[in-house]
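Single chain ahead, by itself, as structure tokens, in the form predicted alone.
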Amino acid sequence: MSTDPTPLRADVCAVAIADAFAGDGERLCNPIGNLPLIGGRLAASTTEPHLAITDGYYTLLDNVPPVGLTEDERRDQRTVAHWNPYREMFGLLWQGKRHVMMGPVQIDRFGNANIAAIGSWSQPKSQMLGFRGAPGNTINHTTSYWVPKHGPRVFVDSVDVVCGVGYDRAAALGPVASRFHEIRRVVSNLAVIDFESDDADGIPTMRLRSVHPGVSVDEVVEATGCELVVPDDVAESRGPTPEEGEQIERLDPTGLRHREVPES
């Protein structure tokens, strides 16, 4: 845990990710990637003790182990609470009882996200993951996003392929498709963005929620290639409390978070 009055950027990101899960209660917390895993497990071990977490495979856990474990360590350190085969997992996620954090390669101001391809659909310049579970995730339960390198090539006016459904498309699909739809937060290495602002048609759109210590509002706006609502007063993202700092060190003893978000 750092004693520096200015918290380390990676720790601020972990706390911002944990805060994205605030208020979820008895939901399945399903962050994808190292820092999202650290942040999600930080929430489960501090402010949101009723969050359900998995071992990444087929069980729900009764403890909150560190990330980055070997296969043997994963089996040794988990306390299995419940077998969670695919049919039970889908039963959870189809009823809105899950909050996933994914990593988009592009995202627009309404939260439409691309994880599939860059360029034209018929002949993309780059092929990514594919659609994976993004369409079903965004329709069936809360989704947040983690962006480790905030820039105008990620935050774009229009994504090349819509994989995760944003607020404008969810509204167009109607109440059945949008009943569980919620894009809650986009946490990046520079800032936290929410959707607590509406456009002229009443559609939720990106709003700058906070900037991380040492980052200016102008820096975030310059690095954002889509329209971003900027309130008159933008808060500074908070650093970890002493308890959170201890938990971050426990959850990430090898410092994976600093490789993803190094100090500049």
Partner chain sequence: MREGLAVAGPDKMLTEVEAVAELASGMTIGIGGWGSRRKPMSVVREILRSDLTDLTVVAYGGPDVGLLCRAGKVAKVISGFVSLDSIPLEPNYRLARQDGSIEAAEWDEGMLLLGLQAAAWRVPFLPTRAGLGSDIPTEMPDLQTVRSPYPEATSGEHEELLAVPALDLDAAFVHQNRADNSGNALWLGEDPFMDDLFVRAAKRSFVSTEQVVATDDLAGLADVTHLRISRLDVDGVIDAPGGAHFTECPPDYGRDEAFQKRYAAAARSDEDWAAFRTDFLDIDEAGYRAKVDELAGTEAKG
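Worth saying up front: this structure is predicted, and the values here are computed from it rather than measured. Residue numbers count along the first chain shown, from 1.
The form predicted in complex with the partner chain exists for this protein as well; it is not shown, and the discussion that follows is about that form.
- With the partner omitted from this view, the residue of V147, V162, V156, L92 that lies near the partner chain in the model of the complex is V162 [heavy atom within 4.5 Å].
- For the options V100, V186, A134, L190, the residue carrying a heavy atom within 4.5 angstroms of the partner chain in the model of the complex is A134.
- Although the partner is absent from the chain shown here, M128, R169 and R179 each have a heavy atom within 4.5 Å of the partner chain in the model of the complex.
- Only one segment in the set 53 to 61, 218 to 226, 192 to 200, 39 to 47 has residues whose heavy atoms sit within 4.5 Å of the partner chain in the model of the complex; it is 53 to 61.
- Although the partner is absent here, L173 sits close enough that one of its heavy atoms falls within 4.5 Å of the partner chain in the model of the complex.
- At a distance threshold of 4.5 angstroms between non-hydrogen atoms, N140 is in contact with the partner chain in the model of the complex.
- Among heavy atoms of G151, none comes within 4.5 Å of the partner chain in the model of the complex.
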